[in-house]
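Presented below, as structure tokens, is a lone chain in the form predicted alone.
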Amino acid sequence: MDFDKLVDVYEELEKTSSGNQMREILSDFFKTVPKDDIALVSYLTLGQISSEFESAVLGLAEKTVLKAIASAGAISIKKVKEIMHSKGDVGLTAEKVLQKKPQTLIPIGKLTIHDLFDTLHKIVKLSGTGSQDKKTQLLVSVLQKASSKGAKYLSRIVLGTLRMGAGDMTVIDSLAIAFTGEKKNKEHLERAYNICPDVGVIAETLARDGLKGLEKIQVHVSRPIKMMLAQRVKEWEEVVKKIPGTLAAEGKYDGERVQAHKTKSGEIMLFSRRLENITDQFPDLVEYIQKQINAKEFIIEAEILAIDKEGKHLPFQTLMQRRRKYDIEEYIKKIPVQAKIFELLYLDGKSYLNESYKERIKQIEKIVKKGKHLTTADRIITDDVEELKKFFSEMLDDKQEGIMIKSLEGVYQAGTRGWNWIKWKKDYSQDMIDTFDLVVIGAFYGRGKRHGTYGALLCATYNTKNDTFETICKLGTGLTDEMLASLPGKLDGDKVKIKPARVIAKKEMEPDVWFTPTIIVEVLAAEITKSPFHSCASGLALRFPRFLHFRDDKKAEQATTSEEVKDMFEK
């Protein structure tokens, strides 16, 4: 397939502010895509060249892309920079420069999707001395083949700034409509996607083998599984109603959740909540897992905590200093970690997703050799609410967030917020009701001393049913002058001219600037109230929201859901 056919779709998507229209455009297009191309098209629709967990990093800076545009257009880099200054966007710059491409003695031919994919993956593999020049030349070769409009979107893809507004679930919905005729069949695709979060695999399997093919998708070590989520309750009595009898309770830690895979060959991979491969950031944890887990092949989940020399737990923000590309060995010494293992998903050839939690705990205790840097989660098993409360207090004394309460008979519900897990946090015992992970979808310009920067952010919840983002509050409190000054640098890469298609916002809450839903902030609030101005759950808002910090470990679709907010309000 010619890349320009996808470019025509990009042009349509860029103009729409309707989520339903976006699905209609994509589903109609997917029907026309050859089976050999459907996986590649699915990735490119998301502005990716592979699944997120494969970490296909192109390593191309804006400066390099502008240099390639100048070379492909046979004009000076000075002239390209002038156009860039005028247009303010690399994509528009590429389009302008390549509108009049220089003639070549030998016809170059059109750019196909496979040409583009093969070339970009060659760029990913290049490293070492001279690699930047080679990457530039490879990029020049595809820019020369692309149309001027194709160059616009190609430049954005390589810089990770495509911003079409489509998310994983948008593509899943559109695939369901295209290949089964009904959007309701997306539940079958979602079930497979929770086990195999790779849109390319889902798309190609569906196109070739239909819904029956999706049923055959199984757990695969080295491919992350979407992590199970917990429900919330407001009263202790609700815990007993939802999980009657004997249950398990574990510490809810102030750290980073990780899914660790070990293959039969002995390779260990670590995946974040966002399903990013973070193995290189924690080589010390890889070593602890290798030495202290007695199994040939497994998938486990743990919480990574920062600790001091005495082994005491340190705050989440301290741990986040370990998320880095450079000086890793220095920070291993500076900020040691401890992993608390709490879940087993796969062990030596057997999936444990449908085994009871009681059985999963049993196997964890068998294979883990406990030590300072790797151990099992703090856990009690009880049917006594008072004992639960005591354990909760102990976790707070240890500076943790609270406890996770789990059904001993419950299975692991990948990618689902089920009632087999309930979280009880310290915020429930204070005046503030809870923390919320919200998506930044817009900003308002500041006034007074905040003049010249953003003064408040427009934040939203995620509606899982409709794959939309719904406004819930304006956020200004808790943002220091220093943070406000840094916001343009953090947010402006996601700035778009019109309201993103998946955002639902009322006119009264239209911000000065719109952003593609990407950045997550953790917010503390005092109350949920009805509001005629916000779209969350048909009109709910947060009262007295306060910024706590950015959550770089989560993606937009992992934000607090509108359904959660509605449940909390009703309770």
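All residue numbers are counted from 1 along the displayed sequence. Computed from a predicted model, the values in this text were never measured in an experiment.
This next part talks about the form predicted together with adenosine monophosphate, which is not shown.
In terms of contact with adenosine monophosphate in the predicted bound form, the residue from 406, 152, 360, 261 that brings a heavy atom within 4.5 Å is 406.
When you look in the predicted bound form, the only residue of 425, 186, 145, 474 with a non-hydrogen atom within 4.5 Å of adenosine monophosphate is 425. Partner contact region in the predicted bound form: 413-421, out of 474-482, 128-136, 413-421, 172-180, criterion any non-hydrogen atom within 4.5 Å of adenosine monophosphate. Though the partner is left out of this view, residue 352 does not reach within 4.5 Å of adenosine monophosphate in the predicted bound form, counting heavy atoms only. In the predicted bound form, adenosine monophosphate lies farther than 4.5 Å from every heavy atom of residue 168. In the predicted bound form, residue 250 approaches adenosine monophosphate with a heavy atom inside 4.5 Å. Although the partner is absent here, residue 257 sits close enough that one of its heavy atoms falls within 4.5 Å of adenosine monophosphate in the predicted bound form.
Within 4.5 angstroms of adenosine monophosphate in the predicted bound form, the stretch 533-565 places a non-hydrogen atom from 554 alone.
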